[in-house]
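Next up is one chain by itself, shown in structure tokens, the form predicted on its own.
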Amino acid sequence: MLDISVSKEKKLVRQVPGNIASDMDGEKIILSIENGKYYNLGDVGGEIWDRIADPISIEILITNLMEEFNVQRDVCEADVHNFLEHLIEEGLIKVE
């Protein structure tokens, strides 16, 4: 398991360049040029994908999503961390 929770306020997350993204019926579809796989990120995942086009702190990302989707911090943190860990494992994003 990747630990992105330590000092999360200081960590920046961003997309790895070179992937192809497309919107299909309101959902974000990503093609990884590196491994040739397609990923359906869904509507909220697509929203996160768009927000990490440029480096953004995980804390700001969570705060912005809480405000937009009216969700509790603990729920939002858990969901975002799980989603980001999956994207890291697939090589689609970097956390620095």
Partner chain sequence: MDRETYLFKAFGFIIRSDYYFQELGYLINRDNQFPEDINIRIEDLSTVWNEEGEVGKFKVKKNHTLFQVKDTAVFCVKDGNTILVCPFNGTEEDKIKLYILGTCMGILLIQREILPLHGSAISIEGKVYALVGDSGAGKSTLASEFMKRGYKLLTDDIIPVLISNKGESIVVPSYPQQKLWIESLHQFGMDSSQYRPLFDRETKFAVPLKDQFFNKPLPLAGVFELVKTEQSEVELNQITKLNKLQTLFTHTYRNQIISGSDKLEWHFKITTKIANDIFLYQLRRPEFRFSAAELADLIITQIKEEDLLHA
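Residue numbers count along the first chain shown, from 1. Here the structure is a predicted model, which is why all the values come from computation and not from measurement.
Just so it is clear, the following notes concern the form predicted in complex with the partner chain, a form of the same protein that is not shown.
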inquiry  = Residue-level contact is defined here as any heavy atom of the residue lying within 4.5 Å of the partner chain in the model of the complex; does residue 27 satisfy this criterion?
reply    = yes
query = Contact between residue 49 and the partner chain in the model of the complex at 4.5 Å, heavy atoms?
reply = no
request  = Could you confirm whether residue 21 comes within 4.5 Å of the partner chain in the model of the complex, counting heavy atoms only?
outcome  = yes
4.5 Å heavy atom contact, residue 64 to the partner chain in the model of the complex = no
note = Applying a 4.5 angstroms cut-off on non-hydrogen atoms, the residues of 27-45 near the partner chain in the model of the complex are 27, 29, 30, 31, 33, 38, 39, 40
